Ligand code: ADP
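Read the single chain below, which is given as structure tokens and is the form predicted alone.
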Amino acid sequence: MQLTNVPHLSSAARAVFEADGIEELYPPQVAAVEAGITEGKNLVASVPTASGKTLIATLAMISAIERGGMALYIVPLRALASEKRAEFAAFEEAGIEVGVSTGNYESTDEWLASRDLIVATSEKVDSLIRNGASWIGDITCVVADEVHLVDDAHRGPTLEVTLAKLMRISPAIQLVALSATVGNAPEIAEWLDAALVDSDWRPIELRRGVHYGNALHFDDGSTKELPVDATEDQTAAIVRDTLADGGSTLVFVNSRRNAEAAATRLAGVVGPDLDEATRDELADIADGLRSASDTETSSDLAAAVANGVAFHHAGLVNENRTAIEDAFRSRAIKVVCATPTLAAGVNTPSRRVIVRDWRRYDGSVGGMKPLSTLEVHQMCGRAGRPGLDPYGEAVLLAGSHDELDELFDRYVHADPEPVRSKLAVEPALRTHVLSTIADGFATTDDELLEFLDGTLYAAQAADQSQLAAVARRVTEYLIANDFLSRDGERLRATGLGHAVSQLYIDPMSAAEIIDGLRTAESDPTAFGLYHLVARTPDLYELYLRSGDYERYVDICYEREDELLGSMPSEFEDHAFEDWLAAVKTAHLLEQWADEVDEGQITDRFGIGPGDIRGKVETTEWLLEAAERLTMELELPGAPAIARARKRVSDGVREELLDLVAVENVGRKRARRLYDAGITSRTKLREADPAAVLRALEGRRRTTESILENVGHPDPSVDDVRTATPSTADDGEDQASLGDFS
């Protein structure tokens, strides 16, 4: 089908598609158009990666907008939201306004009412509904990307309930669900009352297979010689072979440590074959990686990238993850060694995918557990990109003939497992039962079950009794903690319950915070507050490693007076270890807020810089919620909570809070200014520019920017001489290392 034959598409929209080189549709896209995707019909598209799922979604959204509606594109990850927003921005030439919303859960983002197409995470959409965003009812088309993630225990229930709410708000809404790997796509389509396009067509061939001995064994029965030298392993041999053919490789391993180790080893394979121009480009990228985070992790990453290889995992700061993804897409970086999280939707295709580790540690079984077929197929789908690769190959590694047979049976020839709802468990239902009642979707137990009847769980479960039993227990928990009240059959959210729902925190987190704050006999300390939020289910505690127990027992008793709430007995093994894990987490947060160097923190706690940033962001969010709860309940301590929140947000001691409020002044620059006697915004505004320049080590552009931001009457330093001419041109930005603002 030619693009010109697609119905209900304006000439302006067609021009945007054509400018992107799209003139003829792929077979799955044709099937979607024939199923009524541009006429407002619901659709589930189970289509391989690189086969045009996004175009299917775009056709649905653009045609809905051109009919006078509003479109919403739901993604599972913030990084994917930015990527999709950039992709859809091309349609602004056709008069379509695009917006993205991912953070600040206690907001209605009313500015989005003027946008035609909105990209957001499922959590953000859920929070917008809870906070009463006026424009939600104007949405006429919703796309759920990576819909198979309803199977995910953490993110799945939110996506599932959010779709159920949107269907309840606008019964005529068009729903489009996308996935490359749904083992029970007809069941998902039935739940959404949608037509199904279920296709295995790809624009370029993808072959899946297993490397064993000195050959690749493929799913079509063919083999390809690929010998392994005595001095190298299978992964290195496959990477070398891919490089010789001009391709890139994505290697999936089962842990961060293995990703880093594999990248370091493969740098010796890739580096010697790089040309001078690529080396220069990679050197620039490596410099940017070092600037983003002053840690050993970032230094190791930069060293690998200089040789054409990167590692990618959640321990990296966002800036470095994005830089790696961009450089891999441009093929400057030839190999990325990643944990499975990279397979969750970010667009990083390669010539070959190597699934090196098909088992990973699972604490619930106390050992290594095979990956699901769905996960492995998601990884395999990253192989091959139209326009750059003549083919794609996805390879698992076997060390014996028996393992070769097992991998073919388990992954190569197997279909992905069916997607199953994870809604009927208390942690998932606590927040969603509260929000369902607070938002007015249900006012009695029967109405609550009626609402839940619109979820995937209800569509899949032959027996609804488990869901009803869990919902009943959760409702009683919410009543006991004063989040809900019952008057006869009628359920309603209390003022506190509405606040907790809008704050978008787990009700159990709210109960823990409230209980702790009520025990405070004076203003809580920052350490006590960090420990309090570290005990909540919304903030993952650090693990107690070997040798940690005695250290944190000592800290626990030394600072017992600061801790909020009731400390469990040492004889309550599990509860006391959780308490100590929260002490360890609070210790990390306090060190960050005490301006301890980021590299020292990562070394002391054995984590990555991205982990610090993640815990800081979550702590800031939970302390902001704690401030709101103190006001709701008229408890003391709000100013102390605000100071602790600001300190952890900016990573500074209390005396620097005024300075870091100036744009472009982070934790290290603020400390340099303070130590030079420039101790406040007022003093900075009145300071001699030469003194500021000296404090900032001769960085002229930075100095002028900061002086301008603070409102200095004469921010220019053009005529100021400096004793450090080597940095006067701001070859930048080593001065901002460790700044987090």
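Computed from a prediction, not measured in an experiment: that's the story for all the values here. Just count from 1 along the sequence shown to find any residue number.
We do not show the form predicted in complex with ligand ADP, though everything after this point is about it.
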- With ligand ADP left out here, work out from 52-60, 694-702, 678-686, 712-720 which stretch has heavy atoms within 4.5 Å of it in the predicted complex. 52-60
- Task: Using the partner position in the predicted complex, report whether residue 16 sits within 4.5 Å of ligand ADP, counting heavy atoms only.
- Result: no
- Does ligand ADP get within 4.5 angstroms of any non-hydrogen atom of residue 26 in the predicted complex? yes
- Message: Can you tell me if residue 69 lies within 4.5 angstroms of ligand ADP in the predicted complex, counting non-hydrogen atoms only?
- Response: no
- Task: May I ask you to check whether residue 40 falls inside a 4.5 Å heavy atom distance of ligand ADP in the predicted complex?
- Result: no
